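What follows is one chain in structure tokens, specifically the form predicted alone.
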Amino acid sequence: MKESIKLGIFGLGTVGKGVVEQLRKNGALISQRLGKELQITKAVTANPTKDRGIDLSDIQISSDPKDILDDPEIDIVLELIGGVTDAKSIVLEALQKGKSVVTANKALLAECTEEIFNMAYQSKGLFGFEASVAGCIPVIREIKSSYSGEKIEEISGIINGTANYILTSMIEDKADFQVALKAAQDKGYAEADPAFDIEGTDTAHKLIILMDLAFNGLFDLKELYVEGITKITPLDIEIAEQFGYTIKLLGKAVNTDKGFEGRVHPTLVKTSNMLASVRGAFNAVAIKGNFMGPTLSYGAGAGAYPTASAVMGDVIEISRNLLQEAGQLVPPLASMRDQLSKKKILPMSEVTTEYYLRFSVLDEVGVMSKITTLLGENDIGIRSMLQKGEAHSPKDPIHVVIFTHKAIEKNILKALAKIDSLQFVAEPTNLIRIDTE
């Protein structure tokens, strides 16, 4: 039996340093629980001589991936560099050589799903990716193990802390989008180029991983509908609050009679829904199963220490299996490989939900009649209506807000195309979907 488990780590950035620090601080406790010592013996990084602000004197650091990949003493490879191209090569080669791998790389898993998981199933090594979704919330482990007897019907997740921080600032500080974004950047919650977070891409990567796990399939990221939060205004937030809603960027997946929905977009969530109370950079994932009903998991979704904690959880679980020579007790995507198949995501045009529609129109006679007629002609029922603002001159637009009953998206888009072409419409209609749970 092994006397210790040796780790090789790719990347000594935010998460990589966090893993080193956790092992430094909690190493004795981890050894007690594992029964053996965990050691980070080697690290590979683009700049081996850079001062990381922590003691790395007992770790051999280089820029050559082969120093880890070709070392037979390395039991577990930690891929923490991010990106896709280099990370993909590292993960595939490590698994091919029979090494176990732990990654936090949601982009890699979402964009190269079939290739990565095919190798994970074939490899003699074990594969952990808990840290790829929702930081320290153990949602992947929950789906793979705790909910393995459930038919999962729905997933709704606030799984990007940057977007949630911005929306929280807009709600609580009454700030517009750009001011809230700047505040997030100043506090380190948003990158200098925040597109990945605010356009919904990061949430989409994480949602695809959850769908693969929850629905026993391999889903195509390109089929996922993705919309960010850049069009949300303080006015939308104010009106939403007036009607008992909070706006959140949700990743939502639903197992319907028509097929699998998968979508990322701003959503009006009822204030009575616990997701509405998730503030700041925190994450939460709501999962509903056919026997267990609804559940909610909440916690820090990003950052050095929460992500490092998720990485370490995988490392310890894999180490236990290696020490017992038990192999991968739970398959990488919860199902046996021959039970996984490529599955389609329903086109967004086929989704049925309720809608918030904010029209910017000139205050003319007959405007409301024309809008409601076009909605009615496309089988869209009106639940409530509100006029916001006053026109001080004939050229000043006013805002008309309509909350619809459930309607199919293609009918909504067809109606809006006609409405937005009318002369009295000052700017394109702002559409936000409503969570009906």
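Residue indices: 1-based, along the sequence shown. On a predicted model such as this, the values are computed, not experimentally measured, just so you know.
As for the form predicted together with a small molecule, it is not shown, yet the points below apply to it.
Participant: Any chance G161, E191 and D202 all have a heavy atom within 4.5 Å of the small molecule in the predicted complex?
Facilitator: Judged in the predicted complex, G161, E191 and D202 all sit within 4.5 Å of the small molecule.
Participant: What stretch, of 93-101, 326-334, 142-150, 299-307, brings heavy atoms to within 4.5 Å of the small molecule in the predicted complex?
Facilitator: Heavy atoms within 4.5 Å of the small molecule in the predicted complex occur in 299-307.
Participant: Looking at D314, D197, D75, E79, which is the one with a non-hydrogen atom within 4.5 Å of the small molecule in the predicted complex?
Facilitator: Of D314, D197, D75, E79, the residue with a heavy atom within 4.5 Å of the small molecule in the predicted complex is D197.
Participant: Just to confirm, K252 within 4.5 Å of the small molecule in the predicted complex by heavy atoms?
Facilitator: Contact with the small molecule, no.
Participant: Is there a heavy atom of K248 no more than 4.5 Å from a heavy atom of the small molecule in the predicted complex?
Facilitator: Looking in the predicted complex, residue contacts with the small molecule do not include K248, since no heavy atom lies within 4.5 Å.
Participant: Should K106 be classed as touching the small molecule in the predicted complex when contacts are defined as heavy atoms within 4.5 Å?
Facilitator: Because a heavy atom of K106 falls inside 4.5 Å of the small molecule in the predicted complex, the answer is yes.
Participant: Hey, in the predicted complex, is K206 touching the small molecule, heavy atoms inside 4.5 Å?
Facilitator: Result yes; K206 sits at the interface with the small molecule in the predicted complex.
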